[in-house]
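Shown here is one chain on its own, the form predicted on its own, set out as structure tokens.
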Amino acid sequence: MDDDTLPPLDADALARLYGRSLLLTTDWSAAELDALLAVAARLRARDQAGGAAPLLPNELAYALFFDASTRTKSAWAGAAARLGMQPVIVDGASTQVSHGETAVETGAMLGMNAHAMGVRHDLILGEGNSFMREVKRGIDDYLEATADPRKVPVVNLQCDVDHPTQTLADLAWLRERFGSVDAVRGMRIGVSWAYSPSYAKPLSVPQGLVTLLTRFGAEVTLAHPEGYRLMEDRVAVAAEQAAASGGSFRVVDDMDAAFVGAAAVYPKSWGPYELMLERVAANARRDAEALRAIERRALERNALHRDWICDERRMGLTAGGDALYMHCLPADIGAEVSPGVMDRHRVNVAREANWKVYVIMALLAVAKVPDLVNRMS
């Protein structure tokens, strides 16, 4: 979108977002998500024009990572720095959580110094999002007990349920690529499992995609082999939202079906659901050998579906044979996607990834900057 076509700022929605955390996109209304992305678009335009946006100088932006990250970690640091904040990245393995410190205690301890908190905790079903909510409770309890007026929002940087900064970046990229804030309404989008030999990846990206895109009228097809279902409540929410928005949502067991007629495709691996559940119990027992065995079994299960790859033949099934290929990265080239398809879309996926910086900037700005509309003018 050109600067002169940036969406207007919704002052009422932005007022509701002041002081708010984002732990699931479904926690916010569609109008609030639109308002957030309007801010992200303006911050991006300002940044690309060389204009600084030091809206939050001399503040600390902590981020706690319990899983490996390149893009989200660098996006958090880049977003905080562009706003004038100092990013502080904390390795989850270096905390006292593994020694019994509760999430509430962790939140209180880090919240003493932090002005914002990002958390990635995505590998164990039933734990990540709950941990983030407990961290938020610890921060809020500390601020209330000490009469501290700071706003310390918590941002979900990927959990077991959702990956909001990624999927909002995906939506922003679709709007840019197709030239309208209403671009996904009526758009056929295929979200598909794809083969990966690397590791049993979290369910949060496909779950986040189907629960976000259906809110804006997209016609979403979710494809996966038997045994790779998503959380039932997330699938139910996607269906309900599609019905409410005028879009559609279906689940199929054929990768080709997700590609036929699609304007955009998102082939992405995730772990077999039953084995992801087994991982929960093994992790609770701190049974490292059991976890390794579960991982081996997951990759063996994946290997039964090596033909689930985004290749030139499948891309030929899409709208005009030229759908937009999307991925949160890193993609397993030669497994999830063919080298030729990745080469053709390498710049596209980089532009998609770049939106995450501005989504995080917007999340920090809307939660912490009073009278943001005037500050952005």
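Each residue number is its position in the shown sequence, starting from 1. None of these values were measured; they are calculated from a predicted model.
This protein has a second form, the form predicted together with phosphoric acid mono(formamide)ester (CP), left out of what is shown; the following refers to that one.
When contacts are defined as a non-hydrogen atom within 4.5 Å, none of Ser192, His224 and Arg314 contacts phosphoric acid mono(formamide)ester (CP) in the model of the complex. Think of it this way: in the model of the complex, phosphoric acid mono(formamide)ester (CP) has a heavy atom of just one of Gln207, Asn302, Gln241, Gln158 within 4.5 Å, and the residue is Gln158. A single residue from the set Ala45, Ala319, Ala31, Leu329 has any heavy atom within 4.5 angstroms of phosphoric acid mono(formamide)ester (CP) in the model of the complex; that residue is Leu329. With the partner left out here, phosphoric acid mono(formamide)ester (CP) still marks one of 46-54, 31-39, 339-347, 66-74 in the model of the complex; by a 4.5 Å heavy atom cut-off that stretch is 66-74. Of the heavy atoms in His121, none are within 4.5 Å of phosphoric acid mono(formamide)ester (CP) in the model of the complex.
When phosphoric acid mono(formamide)ester (CP) is considered in the model of the complex, Gln166 lines it closely, a heavy atom lying within 4.5 Å. Residues of 338-365 that come within 4.5 Å of phosphoric acid mono(formamide)ester (CP) in the model of the complex, judged by any heavy atom, reduce to Lys356 alone.
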